[in-house]
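We begin with a single chain expressed as structure tokens, specifically the form predicted on its own.
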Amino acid sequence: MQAHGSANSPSPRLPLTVVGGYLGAGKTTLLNALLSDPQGQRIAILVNDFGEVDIDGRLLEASSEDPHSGKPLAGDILTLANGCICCSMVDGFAETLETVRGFADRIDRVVVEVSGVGDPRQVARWGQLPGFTPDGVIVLVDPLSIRARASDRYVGETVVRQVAGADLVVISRTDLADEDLLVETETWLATTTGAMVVRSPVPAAVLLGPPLRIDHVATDNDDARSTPPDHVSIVRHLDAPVSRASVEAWMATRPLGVARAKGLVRIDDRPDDRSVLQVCGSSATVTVDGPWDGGDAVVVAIALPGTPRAGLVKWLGLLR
């Protein structure tokens, strides 16, 4: 089996995940956690200000040079010992994305932090640029304040728009809110958004999707229990192209509890292309990511704890 990118094929498009939420919702805490423990994924995180991200000093690389070219890195880029990078958007968003695209051979994905008053769904449109692919909108909400802010005459419209545009909503500060407040928040969210709602802490593989590099994909066709812990995760390898109709049926019948899924497959009407299947909460997409490179066709699904495993096996079995 080989990785889905090779020297003889174009670099795969970088998944671009957008993280939003109103001021104080917990975005920086989430980014710090991802940078400290990306769980095997090499992430480029784009932030407005380095000072807001408290990066563990043990992760900072001693060298300020690009290990491939030997050229000095720009002052708005931090390289980390775990393969991640952090970029400050001092020169503007478009310029920063162009810079990050130059790291495509070193990273697996891009995470963009949207300002507290920004619209994450609008920012996610940048994922359509060459070299990138949209990978979902994650919005954090603080259960201690979200409903009050949503009804505020000045900021309420912004807060509701952020939540309504999410694919996955993460309730932060679960250590400070009692169970009654968390349930009340979930009830309010159910009337505000069609997105999946999960409580923090959330594993990186759920926030960002499972990595499909060869050194991370399980070899057991039906079992990937170890990634991430406490969640239900399965892998299916495909021996032949799947039908377009089966892909459409698969996308339309996501079982409750599935937080993330990703697949690299061949589809019968485009068998020479590498098609990428993505599920992030309530959102499902299929895109073409260049020519097929001869690697394995594989689909990985991750669901919340307690999700019936048999239902996930049946769901992945629709791809045929």
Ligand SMILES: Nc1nc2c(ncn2[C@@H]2O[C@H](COP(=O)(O)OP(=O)(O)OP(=O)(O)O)[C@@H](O)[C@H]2O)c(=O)[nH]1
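Not measured: the values here are computed from a predicted model. All residue numbers are counted from 1 along the displayed sequence.
The same protein also has a form predicted together with the ligand, omitted here; what follows describes it.
Taking T253, T29, S36, T285 one by one, only a single residue has any non-hydrogen atom within 4.5 Å of the ligand in the model of the complex, and it is T29. Of the candidates A25, A303, L16, V300, A25 is the one whose heavy atoms come within 4.5 Å of the ligand in the model of the complex; the others do not.
When contacts are judged by a 4.5 Å heavy atom cut-off, E179 does not count as touching the ligand in the model of the complex. D175 belongs to the set of residues with a heavy atom inside 4.5 Å of the ligand in the model of the complex. A residue is said to contact a partner when one of its heavy atoms sits within 4.5 Å of a partner heavy atom; E113 meets this definition for the ligand in the model of the complex. Note that among 167 to 175, 120 to 128, 235 to 243, 148 to 156, the stretch whose heavy atoms approach the ligand to within 4.5 Å in the model of the complex is 167 to 175.
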